[in-house]
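Take a look at this one chain, the form predicted alone, written out in structure tokens.
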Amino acid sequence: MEIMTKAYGAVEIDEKQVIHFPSGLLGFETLREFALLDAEQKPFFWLQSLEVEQIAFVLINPLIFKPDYKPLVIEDELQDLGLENEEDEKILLFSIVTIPADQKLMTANLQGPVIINKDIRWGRQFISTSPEWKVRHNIMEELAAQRNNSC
């Protein structure tokens, strides 16, 4: 199917890339259908609204820059997506990225992880119960800390 995207204009996607968000995303509760796309720059992805072309979010797997990240979400809420717990193999885990003009200041929202059940292609944005995770984690600083810890 062909969709219109904020980043690339018209793009052909597979039906398997369509993700249903029964409750929308925080602040965008009325938007329920999104497409998960590879971004031209790895390791990022686009979560493109299928209902409003200009609504799209940059995503990253937070384990890339924060390997010890555990979202700590309420398990009952995970079950709404058909997931048993945070270790379920059906989980795709993402954080929404904010990219300012100075890309060194790019941040990821670890307090509001986006979790997708890849088998049924349903997703939800959760609120972490951990006080450790904030809305803005500087990705470059986290990567630098990770490199320093491994030396």
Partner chain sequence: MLILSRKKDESIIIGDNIEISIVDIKGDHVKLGIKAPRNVKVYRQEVYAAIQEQNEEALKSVSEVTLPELDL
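Positions refer to the first chain, counted from 1. This structure is a prediction, so every number in the text was calculated from the model and none was measured.
One more form of this protein, predicted in complex with its partner chain, exists but is not displayed; see below.
Chemist: Applying a 4.5 Å heavy atom distance criterion, does T30 contact its partner chain in the predicted bound form?
Modeler: Close contact is absent here: in the predicted bound form, T30 is far from its partner chain, nothing within 4.5 Å, heavy atoms only.
Chemist: Looking at the partner-bound form in the predicted bound form, is A7 within 4.5 Å of its partner chain by any heavy atom?
Modeler: Yes, A7 lies within 4.5 Å of its partner chain in the predicted bound form.
Chemist: Consider L50 of the chain shown here, and say whether it contacts its partner chain in the predicted bound form, taking contact as heavy atoms within 4.5 Å.
Modeler: Judged by the heavy-atom cut-off of 4.5 Å, L50 is well away from its partner chain in the predicted bound form.
Chemist: Considering only heavy atoms, tell me if I19 and its partner chain come within 4.5 Å of each other in the predicted bound form.
Modeler: I19: no, not in contact with its partner chain in the predicted bound form.
Chemist: Of the residues L26, L92, I120, L63, which one places a heavy atom within 4.5 Å of its partner chain in the predicted bound form?
Modeler: Filtering the options by heavy-atom distance leaves L26.
Chemist: If we check its partner chain in the predicted bound form, which of the residues in 31 to 57 reach within 4.5 angstroms of it by a non-hydrogen atom?
Modeler: Heavy-atom contacts to its partner chain in the predicted bound form: A39, Q41, P43, F44, W46, Q54, I55, A56, F57.
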